[in-house]
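There is one chain below, alone, in structure tokens, taken in the form predicted on its own.
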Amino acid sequence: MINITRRQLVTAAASLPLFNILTSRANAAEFVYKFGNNVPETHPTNVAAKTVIERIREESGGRVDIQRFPNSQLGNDTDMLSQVRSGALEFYLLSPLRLSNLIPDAGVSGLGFLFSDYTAVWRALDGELGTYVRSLMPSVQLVGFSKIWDNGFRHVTSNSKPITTAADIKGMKIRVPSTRLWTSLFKSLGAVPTGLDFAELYTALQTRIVDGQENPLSIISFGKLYEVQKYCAFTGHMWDGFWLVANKTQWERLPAEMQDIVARNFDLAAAEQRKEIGILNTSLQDELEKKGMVFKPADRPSFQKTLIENDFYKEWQEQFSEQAWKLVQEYGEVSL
């Protein structure tokens, strides 16, 4: 016989209204989809995602209900990429360089020191370069939206010493996302790159598995990496963003009018998110300094010179397609 206490009965009864609301909402929606990403709940990316999901639900008359899973709740980046390709996950935000593990040319926007500012970035990614990358996505069962979301220019941090020139990074054990281009970039600079998913980064820095890492200031702040890193060099060695991709089969299940609502609102959210990330990444230095980080300017030409001397660009010209390299030449700002 099962004994149920009065406290348990009251608790169960109290939870019923919320359960009923969630169940009712899911039952009312014709299309219930999941949206996964790896950034913290409070990051501007998830603030924008929460807002756009509400807009889509309202504008679709409740027919489309997208459930958000931030902060790697559905697994690490490798897991979520596999899920979105299989259809177990319908929407996923990922770096172009993560996507390059499936579509090599998708990584072309992450070529070291390719862009010097946002004007150059948006000219390329909202132009032919972005269009070209999206055209390759259906071959791996994905559909890309026309506006890429922003992550920011990435900078190198360390716990042992300031990094101001390419010579300072030589021999440094640095965490990078698990992609060939990131690994190649830092090997060419003389560092010792270690591929780890973001969910493993804080612990790896805390236990000194790696000496440093590289990320935009917003990720350094929201991921609390300042607790385990002391120095930050403004290398701006790579711009990085998030392609919002959908599983192709699940996307095609949506009627045309629902696709229009979802795509239009996601592109609007991308524009709003870009603005917030741009403001944030230019205002965080003071906040991070108050938390103990020491910022140093970086000698960017020394890094570029080292990459050229070690044939980094020559190697990747051979890896990318002729069309991708043509777009690098057209939109990029590095002298090759």
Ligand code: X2X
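As the structure is a computational prediction, the values presented were derived from the model and not from experiment. We number the residues from 1 along the sequence you see.
There is another form of the same protein, the form predicted together with this ligand; it is not shown, and what comes next is about it.
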Worksheet entry | Candidate stretches 185 to 193, 99 to 107, 254 to 262, 234 to 242 - the one whose heavy atoms come within 4.5 Å of this ligand in the predicted bound form | 234 to 242
Worksheet item: Should R154 be classed as touching this ligand in the predicted bound form when contacts are defined as heavy atoms within 4.5 Å?
Response: yes
Practice prompt. Check whether I174 has any heavy atom within 4.5 Å of a heavy atom of this ligand in the predicted bound form, and answer yes or no.
Written response: no
Worksheet item: Any chance N38 has a heavy atom within 4.5 Å of this ligand in the predicted bound form?
Response: yes
Worksheet item: Does any heavy atom of S221 come within 4.5 Å of a heavy atom of this ligand in the predicted bound form?
Response: no
Worksheet item: Using a 4.5 Å heavy atom cut-off, are S95, F198 and N215 all in contact with this ligand in the predicted bound form?
Response: yes
Worksheet item: Can you name the residues of 110 to 126 that have a heavy atom within 4.5 Å of this ligand in the predicted bound form?
Response: none
